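Take a look at this single chain, the form predicted alone, given in structure tokens.
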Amino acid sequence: MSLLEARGVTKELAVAGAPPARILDGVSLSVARGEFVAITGPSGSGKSTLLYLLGGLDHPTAGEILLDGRNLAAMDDEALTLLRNEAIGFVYQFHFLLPEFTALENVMMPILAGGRTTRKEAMARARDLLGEVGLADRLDHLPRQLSGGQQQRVSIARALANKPLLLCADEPTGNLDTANTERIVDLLLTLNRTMNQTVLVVTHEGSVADRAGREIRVVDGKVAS
């Protein structure tokens, strides 16, 4: 059964003095629970735009996006924000960790923001997650005291804080060297296998796409293969 489904998704952007620019053109796809899917394509193909739509960060111009049966395209901004906090985790090319807070505190924040757990429970969850990503000995380190690969692992732990249905990653290895790229992909694959975590990764790196369970290639705003 599909966890995520896009039906005829189109995205246009207004251009001053010209017809709207069509970034995505009638994209349809589905992602099953527990899949690890890579979205690939040349620069400017629309793959990151597609990820942001699938992850509820933006509204499509037309079409439907269903996550666990809920139509993201029909939701207003407030409803989308609530859904993202509850059901979607994001990892970006840059880690976006808050520099004045420790690794543990950075991972705790989205848990506490939900308002449904105590600080003690949030701390226990954050400790467990940092252990899962191999950083049990870096809990009290600030981001500047961590390597690039370690910073990205903290951001992955943070993305998993609220047990999301879907983990979206936009070029998560784009700022990393080859060795750290391998470590991050190994980690995502492990999370996918051990937690049955559904993972959707946008990447331009063939070495990353080759290890995904399935590749969706986007060219000129359409699914090419």
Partner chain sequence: MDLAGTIAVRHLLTRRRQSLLTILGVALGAMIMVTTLSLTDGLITDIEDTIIEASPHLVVMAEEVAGKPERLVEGDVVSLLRRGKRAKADRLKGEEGLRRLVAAEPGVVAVAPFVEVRGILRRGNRFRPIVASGVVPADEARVTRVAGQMQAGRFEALSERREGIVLGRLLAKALGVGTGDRIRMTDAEGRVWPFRVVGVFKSGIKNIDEAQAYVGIDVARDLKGWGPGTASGLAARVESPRKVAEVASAIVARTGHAVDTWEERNRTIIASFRRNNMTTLILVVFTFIVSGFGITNVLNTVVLEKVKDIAVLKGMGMSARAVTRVFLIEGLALGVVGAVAGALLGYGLSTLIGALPFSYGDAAFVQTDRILMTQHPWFYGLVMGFSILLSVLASVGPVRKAARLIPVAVFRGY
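For clarity, every value in this text was computed on a predicted model and none was experimentally measured. Positions refer to the first chain, counted from 1.
One more form of this protein should be noted, the form predicted in complex with the partner chain, which is absent from this view; the next part is about it.
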Worksheet entry | Close approach of T49 to the partner chain in the predicted bound form, 4.5 Å, heavy atom | yes
Worksheet item: Quick one: does A21 come within 4.5 Å of the partner chain in the predicted bound form, counting heavy atoms only?
Response: no
Worksheet entry | Touches the partner chain in the predicted bound form: D137 (any heavy atom, 4.5 Å) | no
Fill in: the partner chain contact at E132 in the predicted bound form, heavy atom, 4.5 Å
no
Discussion item. Looking at heavy atoms inside 4.5 Å, which stretch does the partner chain contact in the predicted bound form, given the options 81-89, 146-154, 67-75, 122-130?
Written reply: 81-89
Response to the item:
Answer key: of L187, L57, L29, L165, within 4.5 Å of the partner chain in the predicted bound form (heavy atoms) is L57
Discussion item. Just to make sure I understand: among 100-123, which residues lie within 4.5 Å of the partner chain in the predicted bound form, judging by heavy atoms?
Written reply: E100, F101, E105, M109, P110, L112, A113
